[in-house]
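To begin, one chain is listed below as structure tokens, in the form predicted on its own.
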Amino acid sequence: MGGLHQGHQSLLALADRARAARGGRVLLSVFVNPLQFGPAEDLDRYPRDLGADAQLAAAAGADALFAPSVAELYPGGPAELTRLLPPASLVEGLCGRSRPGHFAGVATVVARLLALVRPDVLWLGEKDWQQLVILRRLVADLGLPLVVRSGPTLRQADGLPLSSRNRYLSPQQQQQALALPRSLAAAAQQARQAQAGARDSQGSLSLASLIEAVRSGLLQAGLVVDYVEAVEPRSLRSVETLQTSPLLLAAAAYCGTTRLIDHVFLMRRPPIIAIDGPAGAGKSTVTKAFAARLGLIYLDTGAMYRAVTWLVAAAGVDPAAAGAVGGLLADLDLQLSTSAEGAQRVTINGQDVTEAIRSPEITSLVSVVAAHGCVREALTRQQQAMGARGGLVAEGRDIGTAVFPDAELKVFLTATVGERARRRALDLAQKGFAVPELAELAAQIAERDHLDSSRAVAPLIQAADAVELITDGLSIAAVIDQLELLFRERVPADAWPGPAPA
């Protein structure tokens, strides 16, 4: 809405990097929207300095600045404009409770802007998380042909989140306002200490006590509290325990006449992403690249099952004989590591089997071996131990249902049988193996799907809360982009920023 600062500049920098990689142009809009101000709010005195805004936009890489007047954007006047109403569940709490009509004004003006400009990507900040959630929902519900991307909250050196309204604060009020980020940060620290000490919401620390501590900190600083609330980040529904993860702890308060907002995300551990799906859907390739983009560990569980299958074949054991297969697991030493070049290496009982486990022979046997309860139990325990600290992306065919049912994001990555057969043929050719006819490969894949989905132990099924992503016709980069959008809806950059850009 104008009064631009480094937070807006950071969004422009993100858009500029995207433009450099993929082409296009970056447009910045500046418009003080009367629809989102209440009768007693600061419409008349809201910071306006279009000259300074234009200079910041140009310096940050914007190709154009769109700064319409009220008459240009609302030709018939605001009173004659068709309004959009966000779902009640998204506006009944947080800022929506004390600012009735505010988010309807936001939704209406943004829909008008998008209709006029027709962008491919809309960049928004995470500072006003409720607004971000509502606008993501607007784009989804209206089926608008664009994606919504977000950037993290930027703060002053003292921790106060950047805001155009910070200009209202006197030096003394600037110090007083620091109670907002500091109270939230103290609550987050308490939650981390409690989780490290294995205390839960029923023990010595409860969510209610955290909320009260934040409220008390604001009151002691002389701020007038609007709200302190804890909600689930995607639905914005209130939660009552610290077991929800991530959890948004948000607050709004008045410092003098200036209304300020801030939030913190509480997480039990770094995030886990579980990518399930049938064989040949490209899970390994996508998961590895996606983990690198987010700065998470890549856990290739498929390689673990292939390694055990290799061990069974090398020992000359009947892969269908559960007892004999189980006998090989007693002293199993299975290790996943990363080479200096960044490639994953797989060793079993001290032997590097990275290449051997990708042979057609192992591929044809892995479903039989993986169906044994003893194998799945042994490897599930090992995978869960690897994931105890979080911070990983895991792929397999029961990751979201059996191994990590509490993953922050679950995706069922799939493709048609014909597409998977085509990809398998290319993979075999690249590795120097004989390539069967596509019809034969398709039959093999369909049979493997049947075996995986009908086995008695941990069958291949889509978790109830998993998002299905069909990859036919999508490049690897496009699939990773889709995964990142899904991830950021659940785990914002404020909670998990990922690696710093190169």
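Predicted model only: the values in this text are computed from it and were never measured. Residue numbers run from 1 along the displayed sequence.
Keep in mind the form predicted in complex with a small molecule is missing from the figure; the text below concerns it.
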| query | finding |
| --- | --- |
| Close approach of residue 452 to the small molecule in the model of the complex, 4.5 Å, heavy atom | yes |
| Partner contact for residue 411 in the model of the complex: the small molecule, 4.5 angstroms, heavy atom | no |
| The small molecule contact at residue 128 in the model of the complex, heavy atom, 4.5 Å | no |
| 4.5 Å heavy atom contact, residue 370 and the small molecule in the model of the complex | yes |
| In the model of the complex, the one of 282, 302, 152, 161 near the small molecule [non-hydrogen atom within 4.5 angstroms] | 302 |
| Listed residue that, although the small molecule is not shown, lies within 4.5 Å of it in the model of the complex (heavy atoms), from 182, 137, 102, 358 | 358 |
| Region of this chain that lies against the small molecule in the model of the complex, out of 305 to 313, 67 to 75, 255 to 263, 428 to 436 [heavy atom, 4.5 Å] | 305 to 313 |
